[in-house]
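Coming up is one lone chain in structure tokens, specifically the form predicted alone.
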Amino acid sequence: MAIEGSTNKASRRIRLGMVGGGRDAFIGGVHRIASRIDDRYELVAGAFSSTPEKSKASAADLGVAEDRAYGDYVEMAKREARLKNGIEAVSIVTPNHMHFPVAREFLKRGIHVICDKPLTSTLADARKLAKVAEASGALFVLTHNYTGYPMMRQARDMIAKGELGTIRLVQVEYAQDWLSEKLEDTGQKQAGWRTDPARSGIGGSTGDIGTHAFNLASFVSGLELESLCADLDSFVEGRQLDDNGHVLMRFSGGAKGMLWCSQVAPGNENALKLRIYGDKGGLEWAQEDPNYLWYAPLGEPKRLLTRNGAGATEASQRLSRIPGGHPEGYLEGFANIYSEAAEAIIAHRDGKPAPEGVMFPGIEEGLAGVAFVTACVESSRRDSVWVKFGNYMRR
């Protein structure tokens, strides 16, 4: 892997803490695996659960010393900032409503933050956090992991080089079926908080997976959203948040887009798909088959580009670890975000700028994601009127 270089030694590992991610938490385990794939981090501290007892139990499971297992994130931030070998970065893997207060505590002490998406549960908190991050001098990384997939880096590179010409159409969809029934009433932990406005925010499927779709479409196309029109539904009776959304989008330069996100589409597990068309050609990609990118130059046969095959670019190669034919996907996408962040953190440690080519979603992308959810909800509430996206991005 190209981003794994001479700095990747035990003495250069980044001391990482974690808030959330204790026993029975899905995304915490994903982040821990991702942080270790390229041997760039060492988990040394955490406030893993909402009670001291549960946090210490989770710390024991993970091999974290008892005196670095904290009962709450405020205690953790204060003590770790004072320790000579305290954490350099913290991974935040809590439900959405906790992202803002947790990130604020660490940022104001100069500790880098790696946060699961979305940025916050409210637009007001997103705007506040953006100011805190900018004032802190610390790095803020948002784990929109699909931007770390090699073929998405290649697609972005091809579009930036003009291989599709002027972009006309952006089609993105993210379909799942796991909330087709009222799973939140069964005690299932993930369904419980993701459908609860107090913990998730005002968006259901829009916040959970719609933000991924919007972020990926923007990242790959390079286009800025100007306005949108949304039609959101809660098809499951009694559900408080949307479980399906259709969004029309108008981008800068005249391109038009459609986004569909759904968690009530039987037969779909994690069907994130992106199609982008310009006046010279088109690209198609599916997350469940992530090592392949279809490229259709106008008037020529459609071509299948592979992660390590003919036509692979440096943009995809630098994020690939293993030979072609061996699949890389979800965990490696997360790992690429963590490893790109590690390059920036090591450079920051040495008082240098991040190496050329290093990129990861940050505070601006996080603000855009929460603004997108807010704009969608307000448009839908007003009988699907068109709303100007820029109004929601104002600080």
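The structure displayed is predicted, hence computed values, not measured ones. All residue numbers refer to positions in the sequence shown, first residue = 1.
Quick note: we don't show the form predicted in complex with another copy of the chain, though the next part is all about it.
Trainee: To test your reading of this chain, name the stretch in 128-136, 81-89, 110-118, 175-183 whose heavy atoms come within 4.5 Å of another copy of the chain in the model of the complex.
Mentor: Of the stretches listed, the one contacting the partner is 175-183.
Trainee: Whether E105, K189 and G357 jointly form a contact site for another copy of the chain in the model of the complex is the question; each needs a heavy atom within 4.5 Å.
Mentor: No, because E105, K189 and G357 lack any heavy atom that approaches another copy of the chain to within 4.5 Å in the model of the complex.
Trainee: Of the residues M258, M98, V74, A160, which one places a heavy atom within 4.5 Å of another copy of the chain in the model of the complex?
Mentor: Exactly one listed residue reaches within 4.5 Å, namely M258.
Trainee: Just give me the single entry in V264, I202, A217, L123 that has a non-hydrogen atom within 4.5 angstroms of another copy of the chain in the model of the complex.
Mentor: Residue within 4.5 Å of the partner: V264.
Trainee: Can you work out whether T313 and another copy of the chain are in contact in the model of the complex, taking contact to mean some heavy atom pair no more than 4.5 Å apart?
Mentor: Heavy-atom contact with another copy of the chain at 4.5 Å: absent for T313.
Trainee: Given that the partner is absent here, does R15 sit within 4.5 Å of another copy of the chain in the model of the complex, heavy atoms only?
Mentor: Contact check for R15: no, nothing within 4.5 Å of another copy of the chain in the model of the complex.
Trainee: So, in the model of the complex, is H326 in contact with another copy of the chain at a 4.5 angstroms heavy atom limit?
Mentor: Output for H326 is yes: heavy atoms within 4.5 Å of another copy of the chain.
Trainee: Do R318 and another copy of the chain come within 4.5 Å of each other in the model of the complex, heavy atoms counted?
Mentor: Although another copy of the chain is absent here, R318 would stay clear of it in the model of the complex, with no heavy atoms inside 4.5 Å.
Trainee: Enumerate the residues of 204-221 that have a non-hydrogen atom within 4.5 Å of another copy of the chain in the model of the complex, in sequence order, or give none.
Mentor: Stretch hits: zero.
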